[in-house]
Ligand code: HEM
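Taking the form predicted on its own, here's one chain by itself in structure tokens.
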């Protein structure tokens, strides 16, 4: 049995297996939920690997999500405090009551009922992409031909962002999420995206529209900078996360034909399969981070005020105390309780939209192309190991 680390560890990122968290973080998890960790800027804080403890911290308002209080778990081009300013309206990194002010304006837009109403349009978009794939060349890159366009089209229509502008915002959002980008590249991408969003807000003011951003503009509760920041957050989160789940999930299924066949052949499996893929793959793999606002005792350890806690959500979602046989992909598993969408007040606002897109897109792809297979050896698929959201850069497939 591997002993719990006796000295501070660093956040593990190196994977020996494509779909599994780093081996050492799973080994440490078996020894406890909390481990002393040295952050990338030298801060001495904690690494959290256990499911129950992670859920507790995410729901505890004694822990802050504010950017200026947290420390980067891995080297980051914008690690210096003066480079870490986020736009007004980027409520993901706010605490209450500021967070509540923005969140309440949006909650009604992402209810289960609203997402059910969107499903016919999601089905139409998915079918269109499959038609285009069928007409196109083989091999095809599943990322560019299927996984990225579906959530991008949906969030663009929902927000009121012209899909024809996708090359710009996809390029800039990729630069923001790539830890290999320089601080200058990240800052330039953020400036570029905010300028685009400000211009879009002005267009909505001049020509009112029946879309989410148009509704926020008409509501009059946010100023232009806040509107641009909210739109930026929703646009990036709305296409990057689901696009990577669609591509990485397909990759995992192609490597496990028995599980693929279950999802393809049984319509009743889709809901569980989506939850299981979210749990098993956990694409948010470098955080989140919370900072204690006061001394907090957790799992028999004292987290002092000012200490940051970095989460390994992939490890928490493989916790054997919460999930039986956690390292096995089982699309029939009722995988409720995973933390892939977070927990507490910051739980992903768009989770029902993401679920709807995956529930529709995975079976449609597998049924349209029953002979779908990788066009290159699995080890040649380029992984997003240095991106804040895990996945694949490209997925060459044929059928």
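Numbering follows the first chain given and starts at 1. Source: prediction; values computed, not measured.
Heads up, the form predicted in complex with protoporphyrin IX containing FE isn't pictured, but that's what we're talking about next.
Student: Using a 4.5 Å heavy atom cut-off, which stretch among 216 to 224, 116 to 124, 249 to 257, 90 to 98 contacts protoporphyrin IX containing FE in the model of the complex?
Tutor: Residues of 90 to 98 come within 4.5 Å of the partner.
Student: Do all of 47, 316 and 385 end up near protoporphyrin IX containing FE in the model of the complex, with near meaning a heavy atom within 4.5 Å?
Tutor: No: none of 47, 316 and 385 comes within 4.5 Å of protoporphyrin IX containing FE in the model of the complex.
Student: State the residue from 156, 233, 189, 133 whose non-hydrogen atoms include one within 4.5 Å of protoporphyrin IX containing FE in the model of the complex.
Tutor: By the 4.5 Å criterion, the partner-contacting residue is 233.
Student: Which one, 143, 150, 245, 228, lies within 4.5 Å of protoporphyrin IX containing FE in the model of the complex by heavy atoms?
Tutor: Of the candidates 143, 150, 245, 228, 245 is the one lying within 4.5 Å of protoporphyrin IX containing FE in the model of the complex.
Student: Considering only heavy atoms, tell me if residue 72 and protoporphyrin IX containing FE come within 4.5 Å of each other in the model of the complex.
Tutor: Looking in the model of the complex, residue contacts with protoporphyrin IX containing FE do not include residue 72, since no heavy atom lies within 4.5 Å.
Student: Does the 4.5 Å heavy atom contact test between residue 103 and protoporphyrin IX containing FE in the model of the complex come out positive?
Tutor: Yes.
Student: Give a yes or no for residue 345: in the model of the complex, does one of its heavy atoms lie within 4.5 Å of a heavy atom belonging to protoporphyrin IX containing FE?
Tutor: Taking the distances in the model of the complex, the answer for residue 345 is yes, it comes within 4.5 Å of protoporphyrin IX containing FE.
Student: For residue 292, is any heavy atom within 4.5 Å of protoporphyrin IX containing FE in the model of the complex, or not?
Tutor: Heavy-atom contact with protoporphyrin IX containing FE at 4.5 Å: absent for residue 292.
Student: Going through 264 to 286 from first to last, which residues have a non-hydrogen atom within 4.5 Å of protoporphyrin IX containing FE in the model of the complex?
Tutor: In sequence order, 278, 283, 284 come within 4.5 Å of the partner.
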